[in-house]
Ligand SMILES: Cc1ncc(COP(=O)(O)O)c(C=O)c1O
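Heads up, the chain below is alone and in the form predicted on its own; it's given as C-alpha cells.
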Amino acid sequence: MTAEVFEMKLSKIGRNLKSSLIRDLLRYATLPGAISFGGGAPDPETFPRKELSELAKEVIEEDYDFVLQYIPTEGDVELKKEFIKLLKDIYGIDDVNEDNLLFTTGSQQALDILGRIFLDDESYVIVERPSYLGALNAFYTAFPKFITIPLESDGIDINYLEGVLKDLDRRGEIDKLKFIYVVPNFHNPAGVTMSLEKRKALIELAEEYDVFIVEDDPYGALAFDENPPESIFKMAGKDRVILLNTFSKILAPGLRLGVIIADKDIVRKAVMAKQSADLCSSGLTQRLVARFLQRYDIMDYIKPTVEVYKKKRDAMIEALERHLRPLGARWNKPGGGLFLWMELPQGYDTMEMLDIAKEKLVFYIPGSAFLVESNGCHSMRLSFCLPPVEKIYEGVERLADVVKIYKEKKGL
C-alpha cells in the first residue's frame, strides 16, 4: 500500500493525531551521556519500591480473584473509599461519594475521555497559553476551536478571559464553549500557581457564563515553600468543576492510575466512554494503591520526595544564575512541582536550537510544543525532577554552550 493510499484510508481523527514531542525526545534522552531536562519523569529513587513489592505479593496471593480479573469500569471500591479520605486530607473536600469518582489509566486517559464526551468540531475550549501538551493532544482529536488565554505570574489573565467570554456571549456562541482547562498549582509547563483572588474570579466568570472548569492538579501535593491556595473544586463544587488527579507524581507513574472527580452525571458519561476504550483500568494497581493508602500516611511518606525536588530546583536556579543569566535568560522560581519555564531574548527559536542541543546531549522541551499556535518561540520548559544534582549543574552548563553556539550562528 502506498503512502497516498494509506493516508486516504485514515479517518479524520487518524489524520489529525499528533505525536508528542516529549515522547519523541525520550529516545534521545536515553543515549549514553545524555542529560535530559525534557520529560516530567519522577526520580525513580523516590518510588516506594520495597513497600509496593511487599503489598503486590500480598494482594496477588490474597485478592487474586479480584486483581487478576476484569473489574467494574468505575474502579475498585476499596480504593474509592481510601481516595475519598485522601481528598479530605489534601483538599478539605468532604462532599463526594463513590459515584463522583472514576479511576482511569493515568490522567492522560482522563483528558482523552473529557475530550470525547464534551468536544466536537463545533465546540470551543479555553486553555492557558502556554498549556499542558498532553491536554492539547487529547483535545485536538475532537477538532475543537481553541481559545488561548495568556498566563501571568499568578495564573491565568482574568481580564483577558473576561473579554473572551463577553465576545462569545455577544456573538451568541457562549453555549459552544464547553469548558475552561487550567492547571492552577505549579503549572506544567510554566511553573506558576494561580492566586486565590484569581481562583475566585475564575469561578465567578464560570458561574456568570455557565461553563465548566476542568482543574488538572497532578502537582499540588509537591509544595516546596508553601501550600497552594484552596482548590477550585473545593471552592465551587462538583456542579461547576471537574477535578483531575493522579498517583503518577506522588507514588509512581508506572502504576498508570488517574482519577476524575465530578458530578455523578459526568462520571456516568465518562464511564461509558471508558468502557469503549479499555473496559477497565488495572484492578491490580488499584488494589495495590488502596493497600498502600491503608498502611501508610501518603502525605507524610512523600515529604522526603518533596525535599529531593526542592534541592534539585534550587540547584537548577543556582546553575542558571551562573551560566544563563549572563546570556539574557529569564525564568520563574516555581514553589513546587517539577518544572521551570525559561525565556531567552527575542530572536532565539528554541525548536530550531534543539538540533545543537542534541549534539551536546542536553535536552529540553521547546516552548512552542505547549502552544496551540506552533510558531517560533524563544521559551523552553526545563524539568528538574529526574537528573541528580550534579547532572543538573553539568546539564545547565551544556545548555549555556548550546545558547552561545546558536547566538553566534544567528549573529544575535
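Everything quoted here is computed from the prediction, not taken from an experiment. Start at 1 with the first residue shown and count on from there.
What follows is about the form predicted in complex with the ligand, which we do not show.
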query: Partner-facing stretch of 220-228, 70-78, 246-254, 265-273, counted where any non-hydrogen atom is within 4.5 angstroms of the ligand in the model of the complex; finding: 246-254
query: One residue of F179, Y132, Y309, F233 in contact with the ligand, assessed in the model of the complex (non-hydrogen atom, 4.5 angstroms); finding: Y132
query: Heavy atom within 4.5 Å of the ligand in the model of the complex - the one residue of I156, L114, V183, A190 that qualifies; finding: V183
query: Heavy atom of S195 within 4.5 Å of the ligand in the model of the complex; finding: no
query: Contact flag, N137 vs the ligand in the model of the complex, heavy atom cut 4.5 Å; finding: no
query: 4.5 angstroms heavy atom contact with the ligand in the model of the complex for G335; finding: no
query: Touches the ligand in the model of the complex: G328 (any heavy atom, 4.5 Å); finding: no
query: Heavy atom within 4.5 Å of the ligand in the model of the complex - qualifying residues of 96-121; finding: G106, S107, Q108, L111
